[in-house]
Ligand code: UD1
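The chain that follows stands alone, in the form predicted on its own, written as structure tokens.
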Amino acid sequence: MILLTGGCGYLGSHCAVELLNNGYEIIIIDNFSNSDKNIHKHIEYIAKKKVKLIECDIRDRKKLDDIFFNNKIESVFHFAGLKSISDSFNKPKDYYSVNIIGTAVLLELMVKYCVSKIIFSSSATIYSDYSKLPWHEKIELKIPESPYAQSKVIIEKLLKNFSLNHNFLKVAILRYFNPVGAHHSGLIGENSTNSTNLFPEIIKYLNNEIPHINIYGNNFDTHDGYGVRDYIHVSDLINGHIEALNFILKHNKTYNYDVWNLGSGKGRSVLEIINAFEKKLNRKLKYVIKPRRKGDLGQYWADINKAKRELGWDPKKTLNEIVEDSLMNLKE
């Protein structure tokens, strides 16, 4: 059985569906701080299977202990955590508490119950603009500026220490770039309510929930002045998780700790994304330029050769497909 923490969130829900489609039995835990209980029903509907769901905060040691005690868990996909760079500057203690302490509790219980495999959702934000592009996994990490990124670096180090001290533990760390898009059913996708990311912002605008799209900065040192990001379709990202699980199931090394970037390997500017939506919709989108947000970098994209080579993974979705699937989140 596979435990998915944060399994009703954007990435967790897509992973749940894919694991069920691959024949795995799963159990989801979520505290619904940034997700909706109805997503559980959508997961079951898409996969045509029943899924056990338990409301639980990963910092709740007693409840989490009961979950491990009562279920034969063999692997953990760890998605739970707070994830906004800008928000983390305002609430650093929350990010340290939920992300770091929550992961520490989870790892302690994995060791207690001899659960040997964990796949962790890390982030490209742990890199920084001091590094030459494209970013690769061997870059020496420094302490990032944002509390969110700091929490990811600390968790990676925590996972490394646990794997060194407990030889049975196999760790796969996946450093995400910018997951976007949605399931083709339109039933699960990114929760746009509290997000200021570009794609949710576009969807909110198209749903007439906001008067315009907010773009944060057009004076970056890039080819068109707009921020450049590495956008990857959520389905490609989740396929990377399945391949990472397959990898750690097959390989029994002395030291079981692996890191892979998951991105498209291409950088696209905010303006290019806006233009792609305009082309698809055959209409102009209204946007307003806002000041750059604290912690936002000018440009970055991934070197994904390690994932291609070791996992046999390669993102398939085009920008046009990303736009098409994102539009599935439009209200009727």
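Residue positions are given as counts along the sequence shown, with the first one as 1. None of the values given here were measured: they were computed from a predicted structure. C-alpha atoms forming the largest set that superposes within 1.5 Å between two forms make up the rigid core.
What comes next is about the form predicted together with the named molecule, which is not displayed.
Worksheet item: So in the predicted complex, does any heavy atom of Asp65 sit within 4.5 Å of the named molecule?
Response: The answer is no: Asp65 has no heavy atom within 4.5 Å of the named molecule.
Discussion item. Quick check on Lys306: any heavy atom within 4.5 Å of the named molecule in the predicted complex?
Written reply: Result no; Lys306 lies far from the named molecule in the predicted complex.
Worksheet item: For Asp87, is any heavy atom within 4.5 Å of the named molecule in the predicted complex, or not?
Response: Result no; Asp87 lies far from the named molecule in the predicted complex.
Worksheet entry | Partner proximity in the predicted complex: Ile215 to the named molecule, non-hydrogen atom cutoff 4.5 Å | Yes, Ile215 lies within 4.5 Å of the named molecule in the predicted complex.
Discussion item. Check for me whether the named molecule, as it appears in the predicted complex, comes within 4.5 angstroms of all of His40, Glu44 and Ser185 - heavy atoms only.
Written reply: Checking in the predicted complex: none of His40, Glu44 and Ser185 is within 4.5 Å of the named molecule.
Worksheet item: Pick from 104-112, 156-164, 228-236, 243-251: which stretch has a heavy atom within 4.5 Å of the named molecule in the predicted complex?
Response: Selected range: 228-236.
Worksheet item: Given that the named molecule is left out here, which of Thr196, Asn71, Thr222, Ser131 has a heavy atom within 4.5 Å of it in the predicted complex?
Response: Contact residue from the list: Thr196.
Worksheet item: Quick one: of Ser75, Asn256, Gln150, Ser123, which gets a non-hydrogen atom within 4.5 angstroms of the named molecule in the predicted complex?
Response: The residue in contact is Ser123.
Worksheet entry | the named molecule in the predicted complex - contacting residues of 288-315, heavy atom within 4.5 Å | Those in contact are Arg293, Asp296, Tyr300.
Practice prompt. Examine Lys52 after superposing the rigid core and state whether its CA is displaced by 2 Å or more between this form and the one not shown.
Written response: No; that C-alpha moves by less than 2 Å between this form and the one not shown.
Discussion item. Given a core-based superposition, decide whether the C-alpha of Leu281 shifts by 2 Å or more between this form and the one not shown.
Written reply: Comparing forms between this form and the one not shown, the Leu281 CA shifts below 2 Å.
Worksheet item: Lys290: with the rigid core matched between this form and the one not shown, does its Cα shift 2 Å or more?
Response: Yes; that C-alpha moves by at least 2 Å between this form and the one not shown.
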